[in-house]
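Shown below, as structure tokens, is a lone chain in the form predicted alone; questions about how it binds or moves come after it.
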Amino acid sequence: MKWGLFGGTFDPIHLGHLRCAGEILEIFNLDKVIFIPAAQPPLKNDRDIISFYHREQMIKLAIEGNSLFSSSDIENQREGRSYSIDTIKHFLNHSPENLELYFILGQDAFHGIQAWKEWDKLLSLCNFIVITRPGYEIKGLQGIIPSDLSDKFKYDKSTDGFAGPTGNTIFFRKVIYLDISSTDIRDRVRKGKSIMYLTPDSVCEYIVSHSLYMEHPPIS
């Protein structure tokens, strides 16, 4: 059993997220990808974030009809900040014994992983799949994490990944790059511009019907 855990703010989810998840599922032959919206992202304090409820509903709409995609509200069940290490521990403790976990994240997030809670322990708990940007040249882990830890990860040609001392592997993978961002979607909504073909139609309709991301939303 192989599950991919795809965490993020998803404010809102868009076609880039979905395409990425679909390709990773195929590349690693995963049984499913679980989208996990953060309830209180610890590293995003610079702006208001749409309520967890709305972000979760948009994810459910976006993945509807795909039996290989699911979502989890585990980070909303816990109080306080949403830390990835707590989420991964939850799945390890409440899942089949033969489960292989693959934590999916973007290149920018991985390069800033030292700011994450217990990041060094985090890397030992499960496999990591790092989605690289176009033109990125993979040179290993040096410069991303300290050398005393990066030296413990050895490149395995057979898996095209960096195997760690606990048996878990860090993979760098390229996927079709859709230059879509949640930030741009929010900005377009505020300016009254179309977001068609950036996120599923069902999500577009949800944003409009609930007046999300508008500069001056109507009083309900």
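Take the two forms, superpose them, and find the largest set of C-alpha atoms that agree within 1.5 Å; that set is the rigid core. The structure displayed is predicted, hence computed values, not measured ones. Start at 1 and count along the sequence shown; that's the residue number.
Although not depicted, the form predicted in complex with a small molecule is the subject of the following passage.
Item to check | Partner-facing stretch of 64-72, 157-165, 26-34, 182-190, counted where any non-hydrogen atom is within 4.5 angstroms of the small molecule in the predicted bound form | outcome: That would be stretch 182-190.
Checklist entry - Should residue 132 be classed as touching the small molecule in the predicted bound form when contacts are defined as heavy atoms within 4.5 Å? => result Judged by the heavy-atom cut-off of 4.5 Å, residue 132 is in contact with the small molecule in the predicted bound form.
Item to check | Non-hydrogen atom contact residue 178 with the small molecule in the predicted bound form at 4.5 angstroms | outcome: Close contact exists here: in the predicted bound form, residue 178 approaches the small molecule to within 4.5 Å, heavy atoms only.
Checklist entry - So, in the predicted bound form, is residue 16 in contact with the small molecule at a 4.5 angstroms heavy atom limit? => result Output for residue 16 is yes: heavy atoms within 4.5 Å of the small molecule.
Next on the checklist: Even though the partner isn't displayed, in the predicted bound form is residue 206 close enough to the small molecule, meaning a heavy atom within 4.5 Å?
Outcome noted: No, residue 206 is distant from the partner.
Item to check | Candidate from 144, 99, 109, 138 lying within 4.5 Å of the small molecule in the predicted bound form - any heavy atom | outcome: Partner contact (heavy atom, 4.5 Å) among the options: 109.
Checklist entry - Fitting the rigid core first, would the Cα of residue 96 be found 2 Å or more away between this form and the one not shown? => result For residue 96, whose C-alpha is compared between this form and the one not shown after core superposition, the shift is less than 2 Å.
Next on the checklist: For residue 121, does the CA position differ by 2 Å or more between this form and the one not shown when the superposition is done on the rigid core?
Outcome noted: Moves: no, less than 2 Å.
Checklist entry - Core-aligned, does residue 135 move its Cα 2 Å or more between this form and the one not shown? => result Yes, residue 135 moves 2 Å or more.
Next on the checklist: Comparing against this form, do residue 136 and residue 161 have their CA atoms pulled together or pushed apart in the predicted bound form? The difference is 3 Å or more.
Outcome noted: Compared with the form shown here, the C-alpha atoms of residue 136 and residue 161 sit farther apart in the predicted bound form, by 3 Å or more.
Next on the checklist: What direction does the residue 135-residue 161 Cα distance move in the predicted bound form compared with the shown chain, closer or farther, given a change of 3 Å or more?
Outcome noted: Farther: residue 135 and residue 161 separate by 3 Å or more in the predicted bound form.
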